[in-house]
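In the block that follows, a single chain appears as structure tokens, in the form predicted alone.
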């Protein structure tokens, strides 16, 4: 291991930028799992789907991947609302959402991945954008725009979602449905409709996260598997249902992984990051900003 102050600073900066991307990837899981208690392990598959849509539109028309993802977000919302309705009728309504619901989302993960393989194969795909190549230099610090731009937009996404949850009626209803559905019904609000809206929003975030992913690295259909454990770990570490906690946890995991990869090698990064998760939860079981 060769240590230098410049290397340390760059590793921390890189970890913060990657952490911003992790926050966008985990935001949807924080809504579905952290608030609605729906274990959507297929969420990374929808992120990959968002990546491929950004790739297709970029390759055929030259549109910016992030702009494409924003335009496609309403379609992902409708997809998410439809998936929740199927999940509710088939499992939640019957009280079978635990194991069978998990199998349902595993099936969605498998079907999405296989469909993408059938259409696109297993070759890596990438996009072109003006900010993918350049790097900003501030003294000894290097900031690749291909990571900084997704990080900045991710922060905006988290801020918008937090404002939605805390300042709007729908957002407060989403928070309430996780705590007391009966009280919500007494206020003439349909909990199923609120859950459908929340799950649709969680899938809509996958559109943006998918564009961020293919900007940062080339993708192929099975890449999403790498993020299943990480997104749930960040969600739990930050505190169930806490978007600010998700952001803080994502930044910390990004920094820990970056430092480990820089000084000890990439193979150690997952083990050290999950060790950090376990250590933190041992001290604070509710997560960093959990109640």
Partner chain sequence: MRTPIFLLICLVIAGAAFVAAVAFNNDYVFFAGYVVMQYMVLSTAWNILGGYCGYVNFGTAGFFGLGAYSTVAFHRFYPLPIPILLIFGGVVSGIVGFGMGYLTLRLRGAFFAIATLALAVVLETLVVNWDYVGGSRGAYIVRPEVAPLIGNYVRYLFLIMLLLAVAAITVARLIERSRLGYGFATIRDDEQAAEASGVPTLRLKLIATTISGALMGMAGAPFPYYIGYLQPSSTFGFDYAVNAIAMPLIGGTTSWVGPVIGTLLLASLQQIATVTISSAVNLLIVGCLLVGFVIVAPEGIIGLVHRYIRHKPAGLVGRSRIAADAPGPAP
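Between two forms, the rigid core is defined as the largest C-alpha subset superposing within 1.5 Å. Numbering follows the first chain given and starts at 1. Just so we're clear, the structure is a prediction, and the values are computed from it rather than from any experiment.
As for the form predicted together with its partner chain, it is not shown, yet the points below apply to it.
**Student:** Quick one: from 111, 183, 140, 156, grab the residue that has a heavy atom within 4.5 Å of its partner chain in the model of the complex.
**Tutor:** The residue in contact is 111.
**Student:** Based on heavy atom distances of at most 4.5 Å to its partner chain in the model of the complex, which listed stretch, 99-107, 130-138, 69-77, 165-173, is the contact stretch?
**Tutor:** Of the options, only 99-107 has residues within 4.5 Å of the partner.
**Student:** Residue 236 near its partner chain in the model of the complex, any heavy atom under 4.5 Å?
**Tutor:** Looking in the model of the complex, residue contacts with its partner chain include residue 236, since a heavy atom lies within 4.5 Å.
**Student:** Hey, in the model of the complex, does residue 91 get a heavy atom within 4.5 angstroms of its partner chain?
**Tutor:** Yes, residue 91 is a contact residue.
**Student:** Is the gap between residue 16 and its partner chain in the model of the complex 4.5 Å or less for some heavy atom pair?
**Tutor:** No, no contact at 4.5 Å.
**Student:** Closest heavy atom of residue 115 to its partner chain in the model of the complex, within 4.5 Å or not?
**Tutor:** Yes, residue 115 sits close enough to its partner chain in the model of the complex that at least one of its heavy atoms falls within 4.5 Å.
**Student:** Within 4.5 Å of its partner chain in the model of the complex, which residues of 29-50 have a heavy atom? Give them in sequence order, or say none.
**Tutor:** Sequence-ordered list: 33, 37, 39, 41.
**Student:** Given a core-based superposition, decide whether the C-alpha of residue 11 shifts by 2 Å or more between the shown form and the other one.
**Tutor:** For residue 11, whose C-alpha is compared between the shown form and the other one after core superposition, the shift is less than 2 Å.
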